[in-house]
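Quick setup: one chain, the form predicted alone, written in structure tokens, and binding and motion questions come after.
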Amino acid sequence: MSAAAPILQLDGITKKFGGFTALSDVHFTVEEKVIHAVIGPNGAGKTTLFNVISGMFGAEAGSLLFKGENIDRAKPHKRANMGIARTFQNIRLFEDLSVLENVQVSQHGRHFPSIWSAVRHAIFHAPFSRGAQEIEMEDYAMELLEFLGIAHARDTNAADLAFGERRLVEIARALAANPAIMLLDEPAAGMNPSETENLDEILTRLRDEKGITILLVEHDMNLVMGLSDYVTVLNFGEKIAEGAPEAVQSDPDVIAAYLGTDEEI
């Protein structure tokens, strides 16, 4: 029996901004139900890579396959509906909405795939009653908040949350889109050690209990090396190493990229 196809495959991805090459001929695959980290020094191209995968940027060369389907021409909302969700380095919550409302917002694309379906729902259900879909969205949002340990904050405005809780709300909002793969861009940034330890447990449970694939960009190497199943390393837009965390840690090219060579010091 042949092995299962990877959930995500990047073949020769190249992205340029004018004369600057942010990604150059990047190849790698992401297997299902794993935590796969992408690491590298600042400016290595990690966030650009996420922007290409999520459809915010188009690539000059190469192709992307998601579940075996070419998605090069798919718009960001189409990719989200297919099962690709992401978070951002800078938290992007709706500050004046409650935690629950922030999570519910993410579900509308799934429940109302077109403007006409949303209009029909509004005509037949609002303002006289709550539709079954709205009840379902609220129930699912609460399930996610309980899973992440922040159900107590359901009615709190996002602007009033502690930083670590804001990160978790953003993860909950990505989860609400029912993704097959989540792209997490520096989820531990700004967290204290206790919050980072909690994040480690949550991401492990997402993989093990919910079967979600996680593609992770992160600078906290203790978190990356303790959490990840597989690691890809970028430097100046090129892949320089990949493999199990313990192998990547001892790779001379990776050490040089992070610490510099004797000649450079």
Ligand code: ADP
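Bear in mind the structure is a predicted one, so any value in this text is a computation, not a measurement. Heads up: residue numbers just count along the shown sequence, starting at 1.
The same protein also exists as the form predicted in complex with ligand ADP; that form is not shown, yet it is the one meant from here on.
In plain terms, the part of the chain that comes close to ligand ADP in the predicted complex, with a heavy atom within 4.5 Å, is 35-43 out of 35-43, 225-233, 61-69, 202-210. Site annotation in the predicted complex: the residue of 198, 47, 29, 54 reaching within 4.5 Å of ligand ADP with a heavy atom is 47. In summary, among the residues 157, 89, 81, 133, the only one with a non-hydrogen atom within 4.5 Å of ligand ADP in the predicted complex is 89.
Contact check for residue 22: a heavy atom falls within 4.5 Å of ligand ADP in the predicted complex.
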